[in-house]
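A single chain, nothing else alongside it, follows as structure tokens in the form predicted on its own.
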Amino acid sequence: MVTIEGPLSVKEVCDLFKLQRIDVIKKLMNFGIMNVNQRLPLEVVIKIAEEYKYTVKVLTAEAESQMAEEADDHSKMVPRPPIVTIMGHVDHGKTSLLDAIRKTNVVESEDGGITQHIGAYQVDLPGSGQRITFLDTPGHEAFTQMRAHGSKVTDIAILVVSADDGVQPQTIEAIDHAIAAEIPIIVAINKIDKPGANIDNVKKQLAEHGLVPEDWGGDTVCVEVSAKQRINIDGLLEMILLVSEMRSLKADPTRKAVGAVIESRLDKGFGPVATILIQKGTLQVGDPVIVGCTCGKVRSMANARGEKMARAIPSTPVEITGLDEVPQAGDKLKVVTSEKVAREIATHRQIAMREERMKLKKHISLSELFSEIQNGKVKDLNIIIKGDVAGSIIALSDSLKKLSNDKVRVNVIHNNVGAITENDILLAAASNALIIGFRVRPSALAEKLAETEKVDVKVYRIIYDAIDQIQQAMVGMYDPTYKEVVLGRAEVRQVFKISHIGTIGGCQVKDGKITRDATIRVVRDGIEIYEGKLKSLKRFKDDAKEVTNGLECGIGMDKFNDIKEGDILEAFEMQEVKPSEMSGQAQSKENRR
């Protein structure tokens, strides 16, 4: 038996298990780890140990004892800004309302004008010297769990209801979450400037769901606003401050910080980045922290405007760097006594997670799913989800789990931020899982490995399409009309900016071919950032119909100029295929991707 405390270097693994360096490196390459200079994750060390018949004991001496909740010192409590969550039905104007408050433009950056990530912002109110922290949560039912995370860290809920559309299903869900979290609700009746606005009807619907307006004899504050015209925004802010004063919100800024992950992502330059909402205490640069199953030391902090900060007090949202891995949205952050303790806690939690993954089994394609169900072969549908940000992954994961029925149980066995890698393919092959990518792509190596291992990889840009297709497969309606065929890939070697024309990427075709009429997607660090048509394809100064493997060319994209060196340009086309003969009930449906 060997005893370890946490991640080890290659040299430490060689010394501990008496192995040759080359043998360890070969093992790591099998696991998809190419950087042998990094410290190896604990689960990789354990796998190597098991192959050489070693038993591993992990020290977690001080670990969970350090996580006991520190008591607040009421003599040190001071007032803090209220944390306000904006909730409501999709397209009722939540982000536009926040936009009006911040006097910036957030809504245009979202796909289709629908918020798909959680944002946290702090607003200074002119003249009063007071601040309000806002959480902007997505409004579709797919984001129920994300709203639940929002409710848990929220002091006041702003329920946005469109004056011309009234109370909708997601409005009711938002009400339920706010009531469950025992937080006061302020109703913002939005779009009062629209011709079809019917404020009395909205109040009637609210009363039917337990929110009786004050002017109807109830205790629910209703504020009539127009986010688009910026009507009565000040009145809404005044009501937030009034409700906040009545709740007497306070926190102790002198204790160790506790916070919640609002959003997280993997940044090319900074590594794992997490948006943390500080709930108690003060977080400082240099603090050792444990966040869910990962840990680290706070290397830098920045506010919503990107300005550097040395410390963050309660109710402040900050982006932090310095974590070992990307945490999950909703994970708790806690400051601990040392990096050693943080590593022990993370190690302990990673082992527990690994033990869960050991219970997995083998693979299936989405198009075969219904016939397998009919034959009684499928009891569990295992799914791996990769996405561009943690919030979307959790929303998709929770929505897919709800599709479980009496014949099939949907299990999300793994999810993480980032591109679809060879490790994901191997895990799917070993556990009979489908892979779903949300706004991310598989690498070229991962794609080839998926073909070899017969792993089904589906990629989506809209979260609801993923939910719909799996649901259709489970009831025998999945019937793809088209399939995507990748024609070739080119790498951007140089970027040229030409006046009156735009940005041109000087590229080399790495495999296949790039054709003039193909659809092109731009993939940066494994994440899809653009999809559209070619504007130009040239060999030297001449227009070309196609450019084949190994040749250089100039590529311009239609309505996209943010090309950078190292980008991968992937050419593809949609080819019609025969309907899958999944059952006598299978129907031809229009491809919805």
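Here the structure is a predicted model, which means the values were calculated and not measured. Don't overthink the numbering: it's just position in the shown sequence, from 1.
Same protein, other form: the form predicted in complex with a small molecule, not shown, and the subject of what follows.
*Asks:* Do Glu224 and the small molecule share at least one heavy atom pair within 4.5 Å in the model of the complex?
*Replies:* Looking in the model of the complex, residue contacts with the small molecule do not include Glu224, since no heavy atom lies within 4.5 Å.
*Asks:* If you check in the model of the complex, is Lys191 within 4.5 Å of the small molecule, heavy atoms only?
*Replies:* Judged by the heavy-atom cut-off of 4.5 Å, Lys191 is in contact with the small molecule in the model of the complex.
*Asks:* Given that the partner is absent here, does Lys407 sit within 4.5 Å of the small molecule in the model of the complex, heavy atoms only?
*Replies:* Flag for Lys407 set to no.
*Asks:* Do Gly437 and the small molecule share at least one heavy atom pair within 4.5 Å in the model of the complex?
*Replies:* Contact with the small molecule, no.
*Asks:* Which single stretch, out of 493-501, 183-191, 512-520, 407-415, brings residue heavy atoms within 4.5 Å of the small molecule in the model of the complex?
*Replies:* Flagged stretch: 183-191.
*Asks:* Work out which of Lys386, His177, Arg343, Lys94 lies within 4.5 Å of the small molecule in the model of the complex, going by heavy atoms.
*Replies:* By the 4.5 Å heavy-atom cutoff, the listed residue in contact is Lys94.
*Asks:* Considering non-hydrogen atoms and a 4.5 Å limit, which listed residue (Lys228, His209, Arg102, Lys332) is close to the small molecule in the model of the complex?
*Replies:* By the 4.5 Å criterion, the partner-contacting residue is Lys228.
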